[in-house]
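The chain below stands alone and is given in structure tokens; this is the form predicted on its own.
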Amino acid sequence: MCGIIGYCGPRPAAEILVEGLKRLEYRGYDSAGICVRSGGALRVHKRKGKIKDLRAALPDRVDGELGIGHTRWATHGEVNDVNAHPHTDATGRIAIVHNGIIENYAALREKLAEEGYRFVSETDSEVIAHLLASLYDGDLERAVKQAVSLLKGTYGIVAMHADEPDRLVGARNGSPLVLGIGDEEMFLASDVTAIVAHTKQVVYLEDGEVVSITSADYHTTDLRDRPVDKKIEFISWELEEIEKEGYAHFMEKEILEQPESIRRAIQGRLDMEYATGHLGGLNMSRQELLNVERVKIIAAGTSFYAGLVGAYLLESVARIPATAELASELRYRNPVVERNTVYFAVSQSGETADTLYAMRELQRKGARVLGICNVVGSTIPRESDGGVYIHSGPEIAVASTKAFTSQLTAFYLFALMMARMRHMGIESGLSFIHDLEGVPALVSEVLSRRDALVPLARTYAGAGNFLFLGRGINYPVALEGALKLKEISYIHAEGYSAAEIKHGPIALINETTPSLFLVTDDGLRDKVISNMKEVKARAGKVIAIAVDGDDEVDRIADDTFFIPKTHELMYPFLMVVPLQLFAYYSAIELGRNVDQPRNLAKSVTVE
């Protein structure tokens, strides 16, 4: 893994490839390379490090109108120039780029080595280039189909051959690949971000499909050579949405976009006449929804924490038993699919491997799985039984922020809809809607106070460990706050229920381990204050995120950041924003790479 781009057309390929790779930087990578057909030969240029290192290594002029490019996140073999993509066969006539994991690469490598093929890298991907060379008989498309039929694992592959001057062939199994259709030019990419500057017409490949493109045409087939009719889809967002627009970092931009992204997630989904939510994409009748007896949410990382909030909300508002669990654990647990249970698969990218595979396992067992995703046309919404797009717009920073609050919004709308179909009266429904519609303005108010978090970050960025503590619906927010700090500042942080502090974590309390408490004006406030006092009694530093006017909390805490008052169920929206900002400012204070933290990728498409 991690990023792929390919180009067929009349323009110089190298420039388009490097530009496309630059737009894929947000996915995380440790090396990059391109291959361009020039003068009847394939010219490969690749370097460990960043795109700027690759650009610096390129000749002043790179001719050729056909090429492929790749950003690599190491999985097999160390980070160096040799292990970077593209990979070629021994003759240099075939080149490939590959995302995914080839599980049987060792057996294939041994067999090819016995046949005389010489390997130069430590990667699983190089096997594909030599396998193609062993199968090639003048038809690259046929060779690709034969090769992938021998592969076990996941792959998004684009291949080229020096003897086929106007052709690229792509294949997909478990790793995204999209075709871009331009004016007398064609593109292949792992993400539409790489090609949106050139075209908005795209075709999403499904697993087991192969696409062959020239500058003027394309065709898609399955592995048995049967034609597959594909729908051309339109990218709805603009190029400007993936630019920084004057912000220092994409993460800063995306945190500040949350009032608008939450509004977009709500827009058109409220029915004021009946005081309910409207989510037509669920593809469930009213009777089917009434028959739902349990909701289970599967996700990973930040999406999992949004799911925990969603589960709490569904139980407290809609009175439906609900749980959230990690997709990576569920998929290997031989899960029991229960009658009248609806499942949600939650993923910003819609390509998260663990969540996708867990969804497929549940569907094999007869479950109805709905998706909550941001990326239109991604795999989870295409394969799910229905669901909700959150419409956050492109999220470029590796650490997710605006997608989290938009995922929350989807759960709030679903909980409202389910509650109104059961026990919630119309006045309560209207009140819930009023509170939800007020969230964007309150988030804007929190953002207007963000300068107060800068000195806090400066004070505490030197801490080696951090505790984040919350109760009730804000407990998952504490988990998310700890994750954000870990992701981008590299400070070790753990999230806990504040009630659990005396069950072990209190042993960590000292003057160098700060504890950040989330304190709202709900029924658990006094208990959280008691936990704060326990920390203070042990010489621990206390930071509090509290509600305007809570002087008692302010007197106890060493530092306090205040948020506006709202309904107790709406506080997760307001609580998470200062935690995002605190992590962001701490990372800046420590000189971290905010948008591309080490060892992380935006979309985790392999195990």
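Small disclaimer: the values here were computed from a predicted structure and weren't measured. Each residue number is its position in the shown sequence, starting from 1.
Below, we refer to the form predicted together with 2-deoxy-2-amino glucitol-6-phosphate, which is not included among the displayed structures.
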With a 4.5 Å heavy atom cut-off to 2-deoxy-2-amino glucitol-6-phosphate in the predicted complex, the contacting stretch among 381-389, 341-349, 168-176, 102-110 is 341-349
Heavy atom within 4.5 Å of 2-deoxy-2-amino glucitol-6-phosphate in the predicted complex, from candidates T520, S489, T405, S400, belongs to S400
In the predicted complex, the residue from P394, G377, G495, G301 with a non-hydrogen atom within 4.5 Å of 2-deoxy-2-amino glucitol-6-phosphate is G301
**Asked** Even though 2-deoxy-2-amino glucitol-6-phosphate is not shown here, does L151 get within 4.5 Å of it in the predicted complex, heavy atoms only?
**Response** no
Is L483 close to 2-deoxy-2-amino glucitol-6-phosphate in the predicted complex, meaning a heavy atom pair under 4.5 Å apart or at it? yes
